[in-house]
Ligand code: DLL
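Only one chain is shown below, in C-alpha cells, and it's the form predicted on its own.
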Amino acid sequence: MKDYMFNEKMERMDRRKLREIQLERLKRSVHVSYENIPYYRRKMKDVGVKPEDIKTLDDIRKLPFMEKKDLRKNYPFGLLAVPVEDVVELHASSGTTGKPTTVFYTLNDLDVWGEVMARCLAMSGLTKKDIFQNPIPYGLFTGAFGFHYGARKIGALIVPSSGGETERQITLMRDYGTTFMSGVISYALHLAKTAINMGIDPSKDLKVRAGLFGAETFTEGLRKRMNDLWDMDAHNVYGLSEMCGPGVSTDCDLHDGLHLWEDHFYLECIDPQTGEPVEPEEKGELVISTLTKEAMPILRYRTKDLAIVYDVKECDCGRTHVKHSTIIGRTDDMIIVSGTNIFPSQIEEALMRHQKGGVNYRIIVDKNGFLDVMTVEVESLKALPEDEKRKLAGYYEKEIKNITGFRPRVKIVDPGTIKQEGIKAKRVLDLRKDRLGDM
C-alpha cells in the first residue's frame, strides 16, 4: 500500500502561506483563552502579556508554559473556553496517578480531529476500499475514537472490535478480510504471536498489509520485526490527549520523521532544563499549542517528549508540514542507573538486533546494597537450551553496553513468561524506592 493525501491542498501548502494561517489562528486562540479561561488570564497577567502582544509567531515565547499539573489543578471544567452545553464529548487520560487529565470537544473539534486523523491514516495507506480493524478499547481513552473518526472520513469499512479477546480479534481478521489495523505496536505483536499459536501465519493467512500504531515509542528494529511478522507496512502516529488524541503527526512512506499538521498545531522544541528553544536537528522537548481547538485551547504545552525537529522545508513525499523524529524518550521516563542516563527505547534498539530474541521484554531496576542493578528480561522467540540462552544473554549485554555505556544483566526467559496487563506493555519496573527502607 502507498500513501496518498487526504487533503492535498493543505498538506502541500506553501510554507509562507502556512505560517500566515498559523499566525492568524494563534492570535485568535490566545485572545479566546485570555477572555474566557481564568487560568490563562491569570498566567498571562503574571508575566505581563496581553493578547495584542502576540504580533508574530516568535512572540509565542512570551506566553508561559503549561504542564500536566495545570490540567489536574483545573479539573474538571476549569479550562473550558465555551459553555458546557456546547461540549459534545470528553475524554480522559489513562494510566496516571491522582486526578485524570480531561479534555473536551465541540462538534467542530471532533470534525478537526477526524480531519487530522484522516490525513494520518491516508498517509499510512488507508483508502475507502480497505477493511479497517480497530482493536483499541473504546472508552474515556482517546485512542479508539481518533482512529474511528479518521477512518470514517476516509470511508473505509470499520470493524470496531475494541480491545481484548485476542483470539477473537484474529478470527475477525480472518472472517472479515481485514486489510488495515490500528493499535499499539506491542499489542499488534502480541496478536501476531497469538495467531501463530492458533496455527495461523499472519503474513500468509491474513490480509492485513498496513497499519498505524501509537501510544508507545517504537524503534526501526521493532518496525521491521512487525513488518516481517505481518508482511505489512507499519506506520507510527504521535498524539496526546491534551491536543486531541492521536493525530498530531505521523510518518510518510519514507519513514524518516513524522509530519506534524501545522495548520492545527504549533510546534516548538526547547531545552528541557532552560526552557529556551534549541536549533533544528538538536534534541529537545516538544512543546505544542493548539491553533483550532474551540472547547479547550492549549497554549505552550510541555509534552515531556524528547525528539528532534528536522530542518527540512519540503519532504520528498511532497508534504510541506514540519517533520520531527520519533520520540527518543521522555524527560520523565529516563532511568538513571549508577549515574548513567538510559531510555527504554535504547534497550529496545539493542534487543531488536538478534533474530532469536522475542519482542516482549521488561527492564527491572533494583538495589544490591547501595549499588544500582539493572536486569533486562527478554523472551526468546521459542524455547532455547540453557547454553543458547547464556550466549544470547551475553550478546544482548554487549549490545546494550555499546548503546548506553552501561552493562546490565540480561536474562532470557521462555515465550509467554512476561505477562502483559491490558494492551499496553509495561516495560520498566523500578524497585529502588521499595528498597530505601532496607538501607
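Note that this is a predicted model, so its numbers are computed, not measured. The first residue of the sequence shown is number 1, and the count goes up from there.
Omitted from view is the form predicted together with this ligand, to which the following refers.
Here the chain stands alone, but in the model of the complex its contact with this ligand, taken as any heavy atom within 4.5 Å, falls in 297-305 among 172-180, 297-305, 347-355, 270-278.
Proximity to this ligand in the model of the complex, defined as a heavy atom within 4.5 Å, singles out one entry of G284, G211, G143, P202, which is G143. For the candidate set Y105, F218, Y266, F132, a heavy atom within 4.5 Å of this ligand in the model of the complex is found for exactly one residue, namely F218. Put simply, Y361 is far from this ligand in the model of the complex: not one heavy atom of it is within 4.5 Å. Interface residue remark: S241 is counted as part of the site for this ligand in the model of the complex, having a heavy atom within 4.5 Å. By the criterion of a heavy atom within 4.5 Å, G150 is excluded from the residues contacting this ligand in the model of the complex. At the 4.5 Å threshold, heavy atoms of V237 reach this ligand in the model of the complex.
Residues of 316-338 that come within 4.5 Å of this ligand in the model of the complex, judged by any heavy atom, are I327, R330 in sequence order.
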